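Take a look at this single chain in structure tokens; it is the form predicted on its own.
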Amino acid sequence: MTPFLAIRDLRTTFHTRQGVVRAVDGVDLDVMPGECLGVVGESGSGKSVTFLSVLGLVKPPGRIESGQIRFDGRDLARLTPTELRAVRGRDIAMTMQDALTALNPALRVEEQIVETILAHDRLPRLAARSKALDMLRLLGIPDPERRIRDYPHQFSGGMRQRVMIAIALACRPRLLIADEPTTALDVTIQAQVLDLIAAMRRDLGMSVVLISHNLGVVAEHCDRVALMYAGQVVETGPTRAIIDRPRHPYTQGLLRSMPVLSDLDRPLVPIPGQVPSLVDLAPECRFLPRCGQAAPECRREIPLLSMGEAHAARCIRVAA
């Protein structure tokens, strides 16, 4: 099957006074039609920057150094700003991590949803408002005729996330990028938001990229998973294969640090050390300083090694 979105050797850097930060360093990722891909990693691993690069939203001092971002046959990295604006919102939509800061506090919810619809659909304003109301009803916001006139601060955290999703889905995109959609929400609201995204995926037939630091959330909702560490993909494959047979020491460490309800007596084992600085990185495995299984051969650049048809890991132990 041909990937719906194919990212190849993507490199995005930030030029700072301390040096060049290699936030995304040779990332390869595929999103298939209709699938949900989970992208997991610690803060600073490059998850968000990868998909901000897809949409051309990386601002100076950041820039895309090289790579291909092929979406539906076109390389998004080669499009002009005007051509990219036509893709954003209509074909690919993204919800940001914090809905309160992502939404404009000075504009009513109505204006923010209608603005997105009018940017891509040739509709009268009244019809665009009616479409916005339909989205709020679809997303389970009570009394949408009244709430559409409210400002973002008048909504709860979960309702703000729903408004963000309404804006993202207003033009029925073919790909939704959900960046940490459950950040700062309680467990019940988290489940509601994730179930809502899953329902929209089924109803609209769209593909979804779910960015998260929580492997448990991704395991429940995604078909495939990509683990990122220090700007690189370190393991990728079907969700069940990665949960049952993790190949990379980083993936194994994440799973050991997660509580398991069926075995509450099992001690949690944190990953020692810290994520390395992304400035002046040595040509070696990025996980080497924190890995308990390191070998002398790890002191070189490790490629993403194939594990059968779909499961791959960036670790020399995989090739052994």
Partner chain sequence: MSPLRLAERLLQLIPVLLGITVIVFFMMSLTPGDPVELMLGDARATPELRESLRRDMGLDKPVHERFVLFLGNAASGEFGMSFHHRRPVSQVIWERVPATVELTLASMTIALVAGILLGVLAAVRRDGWIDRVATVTSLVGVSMPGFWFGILLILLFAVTLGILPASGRIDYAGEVPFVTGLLLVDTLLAGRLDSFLDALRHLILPATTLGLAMAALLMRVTRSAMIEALAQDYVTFAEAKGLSRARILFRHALKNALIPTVTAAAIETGTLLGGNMIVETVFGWPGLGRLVVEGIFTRNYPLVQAAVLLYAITYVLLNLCADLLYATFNPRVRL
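Positions refer to the first chain, counted from 1. Source: prediction; values computed, not measured.
One more form of this protein exists, namely the form predicted in complex with its partner chain; it is left out here, but the text below deals with it.
Contact here is defined as any heavy atom lying within 4.5 Å of its partner chain in the predicted bound form, and by that definition not a single one of 14, 50 and 68 is a contact residue. Looking at residue 209, you'd find every heavy atom of it more than 4.5 angstroms from its partner chain in the predicted bound form. Contact check for residue 115: a non-hydrogen atom falls within 4.5 Å of its partner chain in the predicted bound form. Taking the partner from elsewhere, residue 202 is found to have every heavy atom lying beyond 4.5 Å of its partner chain in the predicted bound form. Remark: residue 120 counts among the residues lining its partner chain in the predicted bound form, judged by a heavy atom distance of 4.5 Å or less. None of 220-228, 128-136, 107-115, 234-242 except one has non-hydrogen atoms within 4.5 angstroms of its partner chain in the predicted bound form; the exception is 107-115. In terms of contact with its partner chain in the predicted bound form, the residue from 156, 80, 101, 188 that brings a heavy atom within 4.5 Å is 101. Of the residues 85, 74, 172, 213, just one reaches its partner chain in the predicted bound form with a heavy atom at 4.5 Å or closer; this is 85.
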